[in-house]
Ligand code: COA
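Given next, in structure tokens, is a single chain: the form predicted on its own.
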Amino acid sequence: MSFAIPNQARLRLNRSELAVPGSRPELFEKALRSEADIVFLDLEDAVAPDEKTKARSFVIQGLNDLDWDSKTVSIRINGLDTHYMYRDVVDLVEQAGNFIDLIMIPKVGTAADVYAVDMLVTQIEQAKGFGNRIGFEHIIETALGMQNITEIAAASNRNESLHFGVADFAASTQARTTGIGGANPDYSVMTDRLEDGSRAVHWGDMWHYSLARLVVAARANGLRPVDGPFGDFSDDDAYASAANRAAALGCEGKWAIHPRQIALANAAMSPSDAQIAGARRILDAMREAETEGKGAAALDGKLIDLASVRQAEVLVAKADQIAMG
């Protein structure tokens, strides 16, 4: 282990993050009662330009009128390249800052973007004397943001998570797709001809590199990596497949753009009973080996050592966190 150990962001369950349009206040209480770990009230993409001011007012009223104590609540503000952003931050934090856990910053491109929002939030918190400290979620959804992801991840001690915004990222990189996440038949490998003359085609995950890079940047800075939206909310199998791939890479959560995706995300981002039981067996086997003065052991015909212990501890810690709610 390096002598440089990253500080860990605040511990929160982040398996599912439900998107709720800020212009739809009738949905706020339903979101509050949902099984989503985090709810983000959206002032950006889900709100038309002529509805921005009204949506901001709806969100402020909803934060003040409803009891959000049982739910982690985030607000997605508008981008720094718009004139809506400063008023989003000022009005929301001044008028409802005590009820905001997180601010989600879209299309973060540089560390300076994070600094700008941090400066505003810090000044408002100090002026108002708030007892809570608002954390930041950053959506990496441009080529510029992906290029600068390491600096973004380390730009503020408010940072808690990095999110992969696949749709805008695809537009930014001019990827040939109109889908929001998921597989692409053009991103595939064709095998050589088999003995019978046929050829197999294997689809790949065109977002693997980007998501893996996000996971590394997040974990290296003590943040939670979160996979973003999956557009086809009628295809549960494809959503679950994407969520399981993200979890396998190290992601801690995934967006739900529809309530039906919440349970799928929670399941994919939770270790299974079999995985937890296997992890506990590894820990038991290594404890027994240590009493015998050994640094490694065999379990089910496989070598286990201190690296295996660290992997098992991650699974057990996650299971304990979920059990505590």
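Heads up: residue numbers just count along the shown sequence, starting at 1. These numbers were taken from a predicted model, which means no experiment stands behind them.
Same protein, other form: the form predicted in complex with this ligand, not shown, and the subject of what follows.
**Item:** Interface membership of residue 12, this ligand in the model of the complex, 4.5 Å heavy atom rule
**Value:** Residue 12 lies outside the contact set for this ligand.
**Prompt:** Even though this ligand is not shown here, does residue 31 get within 4.5 Å of it in the model of the complex, heavy atoms only?
**Reply:** Output for residue 31 is yes: heavy atoms within 4.5 Å of this ligand.
**Message:** Is residue 255 part of the interface with this ligand in the model of the complex - any heavy atom within 4.5 Å?
**Reply:** Within the cut-off, so yes.
**Message:** Since only the chain is shown here, I'm wondering whether residue 312 would be in contact with this ligand in the model of the complex (any heavy atom pair within 4.5 Å).
**Reply:** Looking in the model of the complex, residue contacts with this ligand do not include residue 312, since no heavy atom lies within 4.5 Å.
**Message:** Heavy atoms within 4.5 Å of this ligand in the model of the complex: which stretch in 128-136, 171-179, 92-100, 229-237 meets that?
**Reply:** This holds for exactly one stretch, 229-237.
**Request:** Between 111-149 and this ligand in the model of the complex, list the residues on our side with a heavy atom within 4.5 Å.
**Result:** Heavy-atom contacts to this ligand in the model of the complex: nothing from 111-149.
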